[in-house]
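To begin, one chain is listed below as structure tokens, in the form predicted alone.
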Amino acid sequence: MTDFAELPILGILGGMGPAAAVDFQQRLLDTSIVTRDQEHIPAIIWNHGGIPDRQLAINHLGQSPLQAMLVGLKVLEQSHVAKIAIPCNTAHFWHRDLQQHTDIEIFHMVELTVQQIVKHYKFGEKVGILATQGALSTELYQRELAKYDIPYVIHAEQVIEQELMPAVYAVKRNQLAEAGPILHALSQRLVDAGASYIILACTEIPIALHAVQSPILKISFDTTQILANTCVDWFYE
């Protein structure tokens, strides 16, 4: 029998936002096929909501979150984690900088998501990217999809600022009943614009869509779930 101290530990760099990190932990529990406590993935989470706002930083309106994330990264390193997951899409704008500060592999949520899309993609289909303006301005998903010549559909900046961002911040306030219908409608508009699938490219979005049992989830690539699946596959392999 393997001693519990010998099992690899997953590090979770959370706080972006705190609810998304907790949702990610729940996905780990739900995805793992176990029969007892001792079979679950050992995890250490640094879930600090004090990390500066990523949206403001990208728009040069606020402090960069990098130094705060590096503090969390150091905590996870000192806890001897084997892999690190960051349940925040926009935070992956700083993935390269974070990875340069550690020898521990940090899973790349954007790359993992697009790899899943490639497996299901059929020529001629378009993918909708439901994301914050910060994530879209970094072109994280646009560049990754372009590697595989996959066309995408996004909302106009005005729609994102006036409708999507207030809904995302409503999720952060735990106002899911308010945010869910808005995010569902925004997803449907991407479908109406030609999208065959929707990337839920903000980890607050699936929280709200699940809360209202949105049927759009059936055609969505849930980035939180994809990251959780990767962590589960890594641990049990």
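Sequential numbering from 1, following the sequence displayed. Computed from a predicted structure; not experimentally measured.
Although not depicted, the form predicted in complex with a further copy of the same chain is the subject of the following passage.
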Task: Candidate site G15, Q25 and D53: all three near a further copy of the same chain in the predicted complex by heavy atom within 4.5 Å - done: yes
Task: Location of a further copy of the same chain contact in the predicted complex, chosen stretch of 194 to 202, 180 to 188, 27 to 35, 208 to 216 [non-hydrogen atom, 4.5 Å] - done: 27 to 35
Task: Distance check, G49 to a further copy of the same chain in the predicted complex, heavy atom within 4.5 Å - done: yes
Open item on the list: N59 versus a further copy of the same chain, in the predicted complex: is there a non-hydrogen atom within 4.5 Å?
Closed with: no
- [ ] Mark I226 yes when one of its heavy atoms lies within 4.5 Å of a heavy atom of a further copy of the same chain in the predicted complex, and no otherwise.
- [x] no
Open item on the list: Check Q100 for me: does it contact a further copy of the same chain in the predicted complex (non-hydrogen atoms, 4.5 angstroms)?
Closed with: no
Open item on the list: Suppose contact means any heavy atom within 4.5 Å; which members of 171 to 202 contact a further copy of the same chain in the predicted complex?
Closed with: K172, R173, N174
